[in-house]
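Presented below, as structure tokens, is a lone chain in the form predicted on its own.
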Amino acid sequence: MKAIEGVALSKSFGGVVALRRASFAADGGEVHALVGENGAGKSTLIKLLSGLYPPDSGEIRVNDATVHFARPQDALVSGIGTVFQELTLLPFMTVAENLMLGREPRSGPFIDRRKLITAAHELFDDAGISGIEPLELVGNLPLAQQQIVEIVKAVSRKPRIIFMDEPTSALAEHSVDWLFGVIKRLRAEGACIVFTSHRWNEIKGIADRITVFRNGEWVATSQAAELSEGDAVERMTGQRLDVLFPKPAPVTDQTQRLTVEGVTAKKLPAISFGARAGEVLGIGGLAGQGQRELFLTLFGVNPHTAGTVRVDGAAAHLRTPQEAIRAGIALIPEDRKTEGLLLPLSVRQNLALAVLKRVSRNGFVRRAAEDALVGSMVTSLAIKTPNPGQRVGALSGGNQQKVLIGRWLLTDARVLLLYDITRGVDVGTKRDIYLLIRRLSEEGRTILLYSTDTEEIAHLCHRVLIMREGRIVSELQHDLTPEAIVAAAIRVPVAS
């Protein structure tokens, strides 16, 4: 008996085919991984099987019985839970209210606030989570903690079938370990877990079987133990990818491009370091140790209260992002959808947003100049879009990320702050971004790179600074391996 099955499912959006007669089946007591590039149809399949969208054609079966979901609540009744790729939390409500939404404890007609908070504490205790306050507004939490809340909310309903669409994309490694513990417990209890990720080590570490999708179609299903990364990539992309990480370009210029001296800001007691022109400098350490605050301070979002920042020897006054941009600094933030892109606007408008003065005259945009600038960037970054007028929210995650990168490259920024830049993008786009980082390094741009994927830090950077509690506690240069970076993050004591 199959726990969940989709038979010959098809779905189109505005003439764009997302799924084409795709079939998929998963058993109880197994972790079944779905892999494929962005736009391969994985998320669409999950949304059909969880009742968010109705299929155009095809059949959905739960425990061998045909079902028809008119809405996600129907799937919940059938024992299906979902952790969607895009978080479904309500940012203006508290953690407790989000966790218990639709099942709030009541006293008569009113919500019992005391029981609500107690229930939230119990859910976190059962899940082995600490450090998240039930009364905190969800919108105030870091993205990683929001992801944890979303996972706890879905698991707490005790589903027999649970879809997890890129649940690790915002999580640090220790949180991934926590999630895998949750998944293994669910599997041992006989639940069916369907899991997607763009990180091969996670797929191999948790999956029993792997199904590959490409261009909205099923390609193959294999036992996880029998499928290598190279074979999986070839099935996903149609081409062999033997080397994922390019070697860092040699740094020949000894010019000190970025100098940070005694900078004090939110969660940064006093931080100092330098980076050379053409250097890719990794910012490592466990998640939440001040990396985000450092990037926001250097981009003028959190103004520093003491210390100095210099770019090519000139003092940079970073009280606003506009001042950071003028100083030649650009930031690619961790959440492209809420912190970077304007999703209702076009690819053209998003790309040109930071350089409007270059394509405007007397307050009006010169379309020919804008088209020339935007067109060159679309070509340079191989952004897959029907035309520059396409709404950016309609693009795949990887192409959205390329649009955001392209916007800041058009500013000719000399210092690029890349914060988890490959989060939620497929292996092909990752490779494109890695090659771009090398090219930018060769051009002499200085890059600060933070990633929740330690492999990226280890393979792409010339040096790595380890942060703890807002301080730099260690520097690695000659032993850049994921193991060395994790060991330094865990073992190095904080300097007094």
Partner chain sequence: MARLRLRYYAVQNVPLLLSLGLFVAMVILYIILFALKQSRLPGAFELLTTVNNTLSVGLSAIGQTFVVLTGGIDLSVGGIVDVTNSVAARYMGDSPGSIALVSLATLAVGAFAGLTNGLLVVYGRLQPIIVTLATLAIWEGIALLVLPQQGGSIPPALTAILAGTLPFLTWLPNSVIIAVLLVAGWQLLRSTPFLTGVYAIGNDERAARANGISVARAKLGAYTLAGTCAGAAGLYFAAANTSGDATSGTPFTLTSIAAVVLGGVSLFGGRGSAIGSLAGAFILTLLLNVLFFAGVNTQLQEFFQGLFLILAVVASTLVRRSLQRAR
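Just so we're clear, the structure is a prediction, and the values are computed from it rather than from any experiment. Positions refer to the first chain, counted from 1.
Keep in mind that the form predicted in complex with the partner chain is missing from the display, and what follows is about it.
From the list 210-218, 197-205, 69-77, 250-258, the contact stretch for the partner chain in the model of the complex under a 4.5 Å heavy atom rule is 69-77. Contact with the partner chain in the model of the complex, judged by any heavy atom within 4.5 Å, is made by just one of 384, 185, 106, 174: 106. Checked against the partner chain in the model of the complex, the candidates 153, 310, 414, 235 yield a single residue with a heavy atom inside 4.5 Å, and that residue is 153. The partner chain in the model of the complex is not approached by residue 315, whose heavy atoms all lie more than 4.5 angstroms from it. Using a 4.5 Å cutoff between non-hydrogen atoms, residue 180 does not count as a contact of the partner chain in the model of the complex.
Although the partner is absent here, residue 287 sits far enough away that none of its heavy atoms falls within 4.5 Å of the partner chain in the model of the complex. Taking the partner from elsewhere, residue 128 is found to have every heavy atom lying beyond 4.5 Å of the partner chain in the model of the complex.
Contacts of stretch 369-403 with the partner chain in the model of the complex, defined by any heavy atom lying within 4.5 Å, are made by none of its residues. Compared with the form shown, the residue 81-residue 394 C-alpha separation increases in the model of the complex, the change being 3 Å or greater.
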